[in-house]
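Given as structure tokens, the chain that follows is alone and in the form predicted alone.
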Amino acid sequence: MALYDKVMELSKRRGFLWPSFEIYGGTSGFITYGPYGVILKHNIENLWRDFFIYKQENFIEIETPIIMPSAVFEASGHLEHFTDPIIACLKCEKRYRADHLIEELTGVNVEGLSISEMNEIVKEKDLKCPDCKGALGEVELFNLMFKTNIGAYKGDVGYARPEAAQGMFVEFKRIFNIMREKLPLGIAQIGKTLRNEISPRKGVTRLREFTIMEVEVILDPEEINNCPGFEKYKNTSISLLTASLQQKGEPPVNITIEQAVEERLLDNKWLAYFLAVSKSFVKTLGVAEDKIRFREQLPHEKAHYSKQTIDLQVYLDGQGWTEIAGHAYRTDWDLSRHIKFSGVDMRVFKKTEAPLTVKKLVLKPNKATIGPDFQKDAGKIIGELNKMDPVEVKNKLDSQGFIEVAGRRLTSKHIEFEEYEEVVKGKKFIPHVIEPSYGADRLVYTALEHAYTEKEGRVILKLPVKLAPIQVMVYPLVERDGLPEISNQIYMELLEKGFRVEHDVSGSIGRRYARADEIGVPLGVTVDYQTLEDKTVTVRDRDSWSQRRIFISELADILKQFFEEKISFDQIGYPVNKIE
């Protein structure tokens, strides 16, 4: 059995996660988290917060709606650009992701090809539907966002967000004011996103509904290489597969983030810094260093907003190198677009050391010509003109002789400009954005696969202590002679002191140990007959199966130190049968 199948079988059997809607045959692209999976996922999210929010200066977390009005995604470019190629069978009407289907049927990598080029391959190779062997239609672009109506009116179109980022951008101005107008400003969000994948596969690594963890680091573009955390991490070595190396068919290079910036392999220090933080974070999930690399997206892969995007990949059995995070330099794309489409000025004022004399250009709609020429549309046109950048309008008029506003064509007779000088004490600029973005569900699977081990025919889930859903399992050796009563008392005391603990009394002690190993419980506490004599218990280590004895009176304090990683297992109590 492949490792992926073993992990998924264990995940279903022990209550981590499984495909949703199984009683109705299932629907691909959706998963359900069980009791242990929910805790594991929350532990990963909280660990991410430690790395990307709590330990960063001026970084905060917010929560914004999943459904957003269409205007947000028109401004962000998602209505135009957030698409995948789709192809349908003309006979059975089944739809496929076109590039995936062509690659499966022909072995040809079509990544980066245009729609017309993919259509040529379909016709040339006479490709048929894999299911019914019917003819295939034309390749088309399919928008991946789920569409809905907000309220009862058909005109109020909304979309489920495909990323959390836009919520941070549209709220930037208010948050900037709340945070005392200080940059850099990190705005983070963890929440559900939806993408209507055409043919989701690879289980947990390709979902239609998933949890995303993103930070939008908003900063002054003139300060993009002034990153306070860079010095601490500058000597961190990463495995970096640049776009150039990929195009040459060469392997990644091991290089420090400082060297990568100096050699212009990474655009700036803020981007490099987050690669180093990400490497450290993923290692705490139990992923070995040789299973971690960073891959630069090729020009045709980059999102419309990105100047440079570096994916963090981990090696997964049966799937190879798999993206679990993206680090994008989004420049000022998002904020500039929302400024343009909303008419709200979200620029930031920056003081200068000395007053500056600047030239200002003012746009003045010529109502005397706009009114007669456009009549009932005149008011709308004037309103739109007042929101537009005068310099941009003038440049367009100078270059092409006209500008389109509200669907009508205006020339220089409709618009006047006035230039004047002004002494200012600073300047306004549109901030730039660096974004580390993680898929929480992929991290859950990654942690499970890299923790999965087998020993003497038994499964041990060697999850890092910080991630384990249950910290301690308490057992009576047998269900008699007062041992269950003592173990239950210990269980209740640990529960009250905040440990994630369970009490297991059914079955042989060996079978109970095996159950705990399979759900990744780091420590087991066993009440036995020696407990009746000296008030000690056995503490068992999940990974080594070795045991130590400890007095019940010391148990909670010792466990607290262990889970805070202040002591190792070998420093717990005393070796078995050597209590003095």
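This structure is a prediction, so every number in the text was calculated from the model and none was measured. So that there is no doubt, residue numbering starts at 1 and follows the sequence shown.
Another form exists, predicted in complex with the RNA; not displayed. Remarks below refer to it.
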* To do: Only one of N226, S280, N235, S508 comes within 4.5 Å of the RNA in the model of the complex by heavy atoms, so just point that one out.
  => S508
* Have a look at G191, G137, P464, P162 for me and say which one sits with a heavy atom within 4.5 Å of the RNA in the model of the complex. => P162
* Answer with yes or no whether K364 is in contact with the RNA in the model of the complex, where contact means some heavy atom within 4.5 Å. => no
* Asked: Is there a heavy atom of K359 lying 4.5 Å or less from a heavy atom of the RNA in the model of the complex?
  -> no
* Asked: For A2, is any heavy atom within 4.5 Å of the RNA in the model of the complex, or not?
  -> no
* Contact label in the model of the complex: M388 to the RNA, heavy atom within 4.5 Å -> no
* Would you point out which of 47-55, 550-558, 22-30, 65-73 contains residues with a non-hydrogen atom within 4.5 Å of the RNA in the model of the complex? => 22-30
* Structure fact -> Taking the RNA in the model of the complex and a 4.5 Å non-hydrogen atom cutoff, the residues of 181-199 making contact are R195, E197, I198, S199
